[in-house]
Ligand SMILES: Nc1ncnc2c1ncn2[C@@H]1O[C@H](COP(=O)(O)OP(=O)(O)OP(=O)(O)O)[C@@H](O)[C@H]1O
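Just one chain is shown here, as structure tokens, and it is the form predicted on its own.
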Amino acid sequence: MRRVVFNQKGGVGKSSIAVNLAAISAARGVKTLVVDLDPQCNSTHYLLGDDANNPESDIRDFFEQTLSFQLKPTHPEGYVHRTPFANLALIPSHPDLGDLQSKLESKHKIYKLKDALETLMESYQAIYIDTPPAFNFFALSALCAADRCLIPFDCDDFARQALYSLLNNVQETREDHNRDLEVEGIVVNQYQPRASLPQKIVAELRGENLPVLETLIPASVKMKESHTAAKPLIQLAPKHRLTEAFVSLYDELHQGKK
């Protein structure tokens, strides 16, 4: 399973969702890998803490390698780092990752990530890909490399308008590049059940037959505490209501799936 967490809008919780679902997967004994494609490096800092600033290798090194001719290129496992959490590994991002975009586009390297992750599936049962807040080369590479797409959504009208464009981009990518890509669902994040607008928007999206998942992730300061501690929720506060919501989301996504 290769799952991409994707939204062109920033601040919707892509990294939080990717890391916490991956951490639950690992806690259940599944060998799990997170791939951070966002130059903001949020997933990298979330999982490595202070060690995030000086990894020996990262995703930028991987893409740089694809631009050079090497008789024996580094195996994708060479970019993987262990995290402090059992069964959970990471390919870190780099703040300068975006500098490579034009070169990668001109050299048509859009499928290199897919090739690498297919190789890594020999070692990992689940791969979660965190993406930048833009529909650029790296996001498209992730969509080409994944078989499932999860879309975070925060409940406001601006996010709703952007959602339609996003779904069109995913569908176009599926038709042009990756027939195996499946939209698993829309994850409503930072949900406030007592506010009328979020309830209204969720009901309307479901009324349009959009794939809004049943599990709604509540807003909570515990998420910021988790980021600061560099500990996923399942490790930091396994009984907290926010953690339980992520566990419910994980179970919903995996119900009936291997």
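Predicted model, so just to flag it, every value in this text is computed and none were measured. Residues carry their position along the shown sequence, with the first being 1.
Here the subject shifts to the form predicted together with the named molecule, a form of this protein not shown in this document.
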Any idea which of 211-219, 55-63, 23-31, 193-201 reaches within 4.5 Å of the named molecule in the model of the complex, heavy atoms considered?
-> 211-219
Classify residue 242 as contacting or not contacting the named molecule in the model of the complex by the rule of any non-hydrogen atom within 4.5 angstroms, answering yes or no.
-> yes
Just to confirm, residue 236 within 4.5 Å of the named molecule in the model of the complex by heavy atoms?
-> no
With heavy atoms only and a cut-off of 4.5 Å, decide whether residue 231 touches the named molecule in the model of the complex.
-> no
Partner proximity in the model of the complex: residue 227 to the named molecule, non-hydrogen atom cutoff 4.5 Å = yes
If you check 133, 84, 95, 73 against the named molecule in the model of the complex, which one has a heavy atom within 4.5 Å?
-> 133
Even though the chain is shown alone, can you say which residues of 10-25 have a heavy atom within 4.5 Å of the named molecule in the model of the complex?
-> 10, 11, 12, 13, 14, 15, 16
